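First, one chain by itself: the form predicted on its own, in structure tokens.
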């Protein structure tokens, strides 16, 4: 499985650091939706789904968490623990977010608006979907 991460350019001085995220520049798509998760309780896992077409970039802007990525044949865990690091997740990738630090804020940028029909929320259905895609 190919994991794509981004190192966002930091602009800083004695006042602090600024990171700018721009669609089709350091984010590889038009941004149509942005949301974030916080106050995730210890031991809680989130996600448990894939998308048929949606692409996302995840940035842990505060604290840390881990992301389990699964393409149907291989699984990898990617730690997110720096606000200048982004994780690119393409379509047809199962994801689970876990091991959130107490102060974690996970921001997600997406290339589409919310569409429940794009979600695959059952793991067996996900495996069947990616198997069918690989046969095409």
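Residue numbers count along the first chain shown, from 1. Values in this document were obtained by computation on a predicted structure and should not be read as measured data.
Another form exists, predicted in complex with a small molecule; not displayed. Remarks below refer to it.
Listed stretches are 124-132, 6-14, 21-29, 111-119; the contact stretch with the small molecule in the predicted complex is 111-119, by a heavy atom cutoff of 4.5 Å. Here the marked residues 35, 47 and 95 all reach the small molecule in the predicted complex, each with a heavy atom within 4.5 angstroms.
In the predicted complex, the small molecule lies within 4.5 Å of some heavy atom of residue 58. The small molecule is not drawn, but in the predicted complex it has a heavy atom within 4.5 Å of residue 54.
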